[in-house]
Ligand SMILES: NC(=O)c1ccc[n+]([C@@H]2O[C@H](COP(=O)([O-])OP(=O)(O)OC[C@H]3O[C@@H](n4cnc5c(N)ncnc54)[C@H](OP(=O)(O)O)[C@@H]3O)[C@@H](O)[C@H]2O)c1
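Presented below, as structure tokens, is a lone chain in the form predicted on its own.
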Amino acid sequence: MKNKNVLILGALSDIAKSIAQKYGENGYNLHLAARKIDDLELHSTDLKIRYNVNVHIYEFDLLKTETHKDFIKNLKEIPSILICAIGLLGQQKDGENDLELRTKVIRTNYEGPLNIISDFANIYENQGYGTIVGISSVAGDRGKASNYIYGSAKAGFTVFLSGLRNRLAKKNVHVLTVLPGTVYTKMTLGMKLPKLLTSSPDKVANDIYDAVNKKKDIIYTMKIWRLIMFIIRCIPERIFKNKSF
């Protein structure tokens, strides 16, 4: 590792906060980016005191793609690890009838991450090292009536990360795809989640930290989701289309 610095995009999400804590307790300097800079101030103060590491905060709006290059220029330093923890679930039924909402879901889960990660990919390729972590979703493994707008965006993001990994494999740049199943977060608040199949933000953070160190390509959180999604992908379309999900 050339330097112990990690940049977390979407740093105020529940999963991102757990990731910051995990890296902070392991001595990494933290670069945190989110839209609400005032909330980041409070979060960063806690991390500094708790882990005695440097914490830098940045205002960052993923959907304002025209600001991405200036955002990178204003970083205190280029981190060795980039983690994109930004996502927007949205309500499927609302999105079916609301152009603005479904466009926002698609841009937040696919277009925005693709653009900022592409800029870092070029930097890492040129310098000859770096790690990119993209948090996608098992929802992108197969389209279901209950969340296919969100799932289709995550499917695109998963394919993007796969192609990027193929491109950078020989450039000493590690690309990790994270596919969480259901997770207890603010985004899933109020949803009926299966207890045995639902993980915590801390579990996701621990899995990411271990996978980065072991240079894994794709991880499922929880592991049972790998089997579940394999079975779901194997169901013939003529049967699958009549199922209720």
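Keep in mind the model is a prediction, meaning the values are calculated, not measured. Note that residue numbering begins at 1 and tracks the sequence as displayed.
There is also a form predicted in complex with this ligand; it is not shown, and the following applies to it.
Though the partner is left out of this view, residue 120 does not reach within 4.5 Å of this ligand in the model of the complex, counting heavy atoms only. When contacts are judged by a 4.5 Å heavy atom cut-off, residue 217 does not count as touching this ligand in the model of the complex. Mapping the unseen interface onto this chain, residue 86 counts among the residues with a heavy atom inside 4.5 Å of this ligand in the model of the complex. At the 4.5 Å threshold, heavy atoms of residue 69 stay clear of this ligand in the model of the complex, well away from it. For this ligand in the model of the complex, the listed stretch (72-80, 91-99, 150-158, 121-129) containing residues with heavy atoms inside 4.5 Å is 150-158. A single residue from the set 65, 188, 29, 200 has any heavy atom within 4.5 angstroms of this ligand in the model of the complex; that residue is 188. Residues 135, 136, 137, 150 of 134-152 are found to place at least one heavy atom within 4.5 Å of this ligand in the model of the complex.
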